[in-house]
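In the form predicted on its own, a lone chain appears below as structure tokens.
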């Protein structure tokens, strides 16, 4: 388990003073840091078709972008390029374990762990991100420059697949070494240039914009025919100016639209599904034949068995309001839970493996068996 050594800073102070406010570099944040995946393993992932990867190179001041999968890396030479692989935590359990370092932030906010390997002078150019990112320096050294938000920065497109920004004034300009941690808030320009062969682990956070949320919610209403109710107008009063759209009617139309957002039976399942859908490929491991409650008993009888969550899978719990149900959401699927199943559901949101002894202690009722068999049969957890 990776733990941030904050020095004189605490996570509470970090959230109050830095989170989405200003960048921070913590030297030696991870003591004796060991790369959870090395350059050769990363290259192997970049050869897989279902894994998103790209190489960004800068030769003679000409930027090039090539999308994976890759068969070989020889043509890129020994300098001036970076390999970036998205969602490495979906394929590397050790990389997934890095997320324990940011457990003071709700896990629904986390997107993925992108890993980059850079040769000397490799980088992707100065750019902005629309989301928070923690960058852990692994092997090698890198020079990082981070600026403050600046509306005067010019957007540059040196390649159709590469957005950059013009030069900026750095408020952080430091060399990072293994175990250093750099936090960059949204819309802060930054540029990292590798001094030697180096690896970076970037924990990115999801922050849906209004357009994405409204569009996805509208899709739910359309797909499930939930938006067909007409605007009610049974309290209409006489108008002497029929050409006007009056403020009172605007307010009624707003309220009419807002009513569906306020309807927990619509919005709760929407947001639970939306926030647990993975944006990248996962290795879902459905059993060859369905696991019955009887077969589950047999599995738990074997002490050497363990139950393992799919690496990178997203999950959350939405607890009930009075007289409403609680739900566990995993990978966009919902599971009804209550007081009896809450402890098991909580375990099912964690990235840790479970021993058969632990699981047996949780099988206190039939509902727990049903919940666990459903999750196993969907391939979100598996028996190892």
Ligand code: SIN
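Positions refer to the first chain, counted from 1. Note that this is a predicted model, so its numbers are computed, not measured.
Omitted from view is the form predicted in complex with succinic acid (SIN), to which the following refers.
Engineer: Under a 4.5 angstroms heavy atom criterion, identify the one residue in 127, 295, 93, 141 near succinic acid (SIN) in the predicted bound form.
Structural biologist: Here the answer is residue option 127.
Engineer: Which residue, 276, 200, 119, 176, has a heavy atom that falls within 4.5 Å of succinic acid (SIN) in the predicted bound form?
Structural biologist: If I apply the 4.5 Å criterion carefully, the residue I get is 200.
Engineer: 251 to 259, 213 to 221, 80 to 88, 232 to 240: which one contacts succinic acid (SIN) in the predicted bound form at 4.5 Å, heavy atom to heavy atom?
Structural biologist: In the other structure, the partner sits against 80 to 88.
Engineer: Is it true that 114, 135 and 190, all three, sit within 4.5 Å of succinic acid (SIN) in the predicted bound form, judged by heavy atoms?
Structural biologist: Looking in the predicted bound form, the three residues 114, 135 and 190 all sit within 4.5 Å of succinic acid (SIN) (heavy atoms).
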